[in-house]
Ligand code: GLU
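A lone chain, given as structure tokens: the form predicted alone.
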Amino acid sequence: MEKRLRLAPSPTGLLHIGTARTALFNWLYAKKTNGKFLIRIEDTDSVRSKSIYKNNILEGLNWLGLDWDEEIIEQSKRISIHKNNIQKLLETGAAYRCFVSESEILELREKQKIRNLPPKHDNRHRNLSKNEIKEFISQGRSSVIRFKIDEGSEIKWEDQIRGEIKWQGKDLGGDLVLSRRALGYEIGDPLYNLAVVVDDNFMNITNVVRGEDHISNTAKQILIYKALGFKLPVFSHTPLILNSEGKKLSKRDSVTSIDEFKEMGYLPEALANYMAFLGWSTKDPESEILSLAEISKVFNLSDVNKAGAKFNWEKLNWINAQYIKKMELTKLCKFIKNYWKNMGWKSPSKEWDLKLTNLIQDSMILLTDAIDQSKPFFSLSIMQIEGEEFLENNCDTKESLKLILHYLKEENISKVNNDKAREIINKISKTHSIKKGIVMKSLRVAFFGCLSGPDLIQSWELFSENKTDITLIKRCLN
């Protein structure tokens, strides 16, 4: 039997990393089993649902490489079908009209709070007669539709991740609301637990993979599945993503949306690779850099952990750096040139672009690192205190720079390549008895304003091609 899995996001916000990780686990299992990964947009909340969020979710999934197999289902276009199923539950006696007002519910909650009881509906309208219903309607009172939950029942299922899960009917908060309020004999807009069951059945979903915060919903939904005569899917509840304090990752942790990770300079392949390890691990501890195709071959829901997965920035950064190091040079150069363009920087040639990309590639952790690491080659670096002190406290530093300018002028060198750079440094060191390290550090201070930076020889070639090396050296002699 073909495995059919789905992601069912609500378009009420940007694509969150938790939703993206859920999508990833669904996608991986679908690929592992030669099944299908589907998308359903749960947009029945007309107030909060926005097309901009829907587009953001789909674009984010595409960016991560999580393609889907069939046409996207929009839940808002199926409301009449949801209502028909609610009507069936009314007709079979599995559901009923409840006219309890909002003020009456608040009064009930207040009494329960005083007695230190959990909030729970008292099901007071479960057995209304037809005449009583008619009387409430004639009074102009609106009603919700509630689903009857037998408090003596036990709901249990075999979870692919957590094994057997049991839930007592008495712990589900009383009879479940299936629809919003409506007047007369109308049925209001269906709510989540009803709509998700009807739509998963319609889409022939065989495996429901979602966060552990849905476990209580699953217990309620199983009862609805059975009442409607639908076949139950296999449920799997993934661990939550936690922050460094062991609490659920939230907006207060500053970065949670996929857009933010993208803007920070993370590669989609790296982020997807890392997310796969948030709650799951390969049996080969040496294999941490894996493509989605490679992960899908070894992924299994039964290997997903039950415990929450702590988000580790250091690990994500390490993985991202590995992907940057392995990236084909011309591809990385295209990414980097976009940053240069946004900064208003212009380069002398395509060859120069590739040389600079090659120079900084191994030291980059994020794509955005290209800005700071490229900046000295486009604009004058600020002289740091350590650079000034080095120039002032060593008698050979400025002499080294003077000699470099002399050789460039004497030999009429307009462009310094790697070989010529080494030749000049060695010549000054041997002929004038100046330590090679002093010559190189003096040049580094001239170029970068400090004693650290990328490979000096390759840097000099780039500065020379950009016709700024002589200007940078002269500023240290004024």
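These figures come from a predicted structure and were not determined experimentally. Note that residue numbering follows the sequence shown and begins at 1.
The following text describes the form predicted in complex with glutamic acid, which does not appear among the structures shown.
Residue-level contacts in the predicted bound form: of 162, 220, 262, 210, one residue has a heavy atom within 4.5 Å of glutamic acid, and it is 210. Screening 196, 258, 275, 332 for any heavy atom within 4.5 Å of glutamic acid in the predicted bound form leaves a single hit, 196. Only one segment in the set 377-385, 128-136, 210-218, 306-314 has any non-hydrogen atom within 4.5 angstroms of glutamic acid in the predicted bound form, and it is 210-218. Heavy atoms of residue 8 reach within 4.5 Å of glutamic acid in the predicted bound form, making it an interface residue. Residue contact with glutamic acid in the predicted bound form: residue 99 places no heavy atom within 4.5 Å of it. Glutamic acid is not drawn, but in the predicted bound form it has no heavy atom within 4.5 Å of residue 299.
Although the partner is absent from this view, residue 192 contacts glutamic acid in the predicted bound form, with a non-hydrogen atom inside 4.5 angstroms. Of the residues in 33-54, only 42 comes within 4.5 Å of glutamic acid in the predicted bound form through at least one heavy atom.
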